[in-house]
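In the form predicted on its own, a lone chain appears below as structure tokens.
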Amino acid sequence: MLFGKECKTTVKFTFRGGTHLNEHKETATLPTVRLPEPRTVSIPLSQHIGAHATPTVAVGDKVLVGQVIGTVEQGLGCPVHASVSGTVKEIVTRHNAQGIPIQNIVIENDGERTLHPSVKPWGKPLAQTAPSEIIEIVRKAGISGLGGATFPTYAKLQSALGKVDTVIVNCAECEPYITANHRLLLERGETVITGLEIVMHALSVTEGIIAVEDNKPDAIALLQKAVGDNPNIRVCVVKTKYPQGDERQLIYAIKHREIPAGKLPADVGCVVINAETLSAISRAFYRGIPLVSRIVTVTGDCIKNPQNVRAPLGTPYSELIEFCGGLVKTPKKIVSGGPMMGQAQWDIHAPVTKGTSAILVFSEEYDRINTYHSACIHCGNCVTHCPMHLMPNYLAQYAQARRYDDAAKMNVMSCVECGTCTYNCPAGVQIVQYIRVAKGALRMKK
């Protein structure tokens, strides 16, 4: 039996491959705190997969919280909203962590947090709301995947219409250090459940599964109590293992459905949505608040007082670090997201975006790589641990030899770049980096 009490209490679902990491979840016991109003915010007009937004305001304009300041008229994309009230100080182009130039709207905060008149609850009960109306609410709220993928959520729901029988809530948070979702489940778990109900209604689905790793027993207990005897929503405990939070692994662990190469979760009857994304959907539906803030885990050996912080989008990293007591060591590396799949940042003043789940600041001592670097010793560790069941050793060697077509034949594009292969390589080969090079070269050929 896959569901019912067995799903709730005893079974720990898992997947093949993956690895166990040192979790470093020290901030899991620390309540989320709200960041005091930042002096200015710099809001990028591209915080999601898809087209860049076009500014709808000009320098000198007064803006209010929740006001649309950028729109995407055609194609895939999300509108962008003001996260504070104040005055547009400048519209400037800045390079993000990937070196891509992005327009930023810089707002000087008046500290009053005045809401825009458009911020108001949806007027009808959920049962009387059409799926198309829910999708439009999500689109107008600018909600994209808050787990890090930043795919526009309205497009995910739209593409899943009529195809899925199950909605899975991704509460795994399998990356080390990050505890933003854990705190959300403890403090605002009801918004995750109501967000799930909204999505289930939009997709006409009667099966909702909240997947939580077994390293969060307090969150599991609270969610089980909140769900109660609801026959359509269940809490499933999944085994703590990286990358359990990857939607392909989560779907296999819970439903034993494998997604064919080149296909999407909807093609096997599932849609997977991050816990904080569902909370944002709930706020947009019941309170009318678009996506203007998020929870960020600020930690690392350089941070004096690590904690989880709810911050307005566009807040400079430097202000979150300062709020957490500042730096106690000279930083070597600042990472946005987790240490496995996050991105190193070159600018301490980079803004918090929709995809910023964590800010990790590590010193030279903490970040030191102890592995001796050598050629591949053909131990097979990368193959054993690869959750996608690929041959990472051959993919890396083909990339080194620039034999990209051979890498393509071995399904290099199916790699999710989780870093499990590199983490387990005793020779210290940067396998994922080679694979990224091969994937980039193949994309350029199209």
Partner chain sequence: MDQNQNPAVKAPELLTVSPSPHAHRQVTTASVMKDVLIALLPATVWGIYLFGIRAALVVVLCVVFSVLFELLTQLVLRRPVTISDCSAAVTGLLLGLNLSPTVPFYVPVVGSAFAIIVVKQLFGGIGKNIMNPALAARVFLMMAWTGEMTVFPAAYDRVALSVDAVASATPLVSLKQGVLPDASLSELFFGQIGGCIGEISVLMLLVGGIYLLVRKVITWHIPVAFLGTVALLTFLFPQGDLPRLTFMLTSLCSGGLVLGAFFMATDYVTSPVTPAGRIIFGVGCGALVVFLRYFSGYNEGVSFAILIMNALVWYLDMCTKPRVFGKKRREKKA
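Note that the structure is predicted; figures quoted are calculated from it, not measured. Numbering follows the first chain given and starts at 1.
Only in words, not in the display: the form predicted in complex with the partner chain, which the text now covers.
Since exactly one of 345, 353, 114, 129 fits, which has a heavy atom within 4.5 Å of the partner chain in the model of the complex?
Looking at 345, 353, 114, 129 one by one, just 345 meets the 4.5 Å heavy-atom criterion.
Work out which of 237, 134, 205, 376 lies within 4.5 Å of the partner chain in the model of the complex, going by heavy atoms.
If I apply the 4.5 Å criterion carefully, the residue I get is 376.
Is it the case that residue 333, even though its partner is missing from this view, gets within 4.5 Å of the partner chain in the model of the complex, heavy atoms only?
Output for residue 333 is yes: heavy atoms within 4.5 Å of the partner chain.
Is there a heavy atom of residue 55 lying 4.5 Å or less from a heavy atom of the partner chain in the model of the complex?
Close contact is absent here: in the model of the complex, residue 55 is far from the partner chain, nothing within 4.5 Å, heavy atoms only.
Since only the chain is shown here, I'm wondering whether residue 50 would be in contact with the partner chain in the model of the complex (any heavy atom pair within 4.5 Å).
It does not: once the partner chain is placed as it appears in the model of the complex, residue 50 has no heavy atom within 4.5 Å of it.
With the cut-off set at 4.5 Å between non-hydrogen atoms, does residue 197 touch the partner chain in the model of the complex?
Residue 197: no contact with the partner chain in the model of the complex.
Quick check for you: of 179-187, 246-254, 78-86, 273-281, which stretch puts a non-hydrogen atom within 4.5 Å of the partner chain in the model of the complex?
Heavy atoms within 4.5 Å of the partner chain in the model of the complex occur in 246-254.
Give a yes or no on whether every one of 260, 341 and 414 sits within 4.5 angstroms of the partner chain in the model of the complex by heavy atom.
Spot residues vs the partner chain: full contact, yes.
Going by heavy atoms, what in 171-193 lies within 4.5 angstroms of the partner chain in the model of the complex?
Counting only heavy atoms within 4.5 Å of the partner chain in the model of the complex, no residue of 171-193 makes contact.
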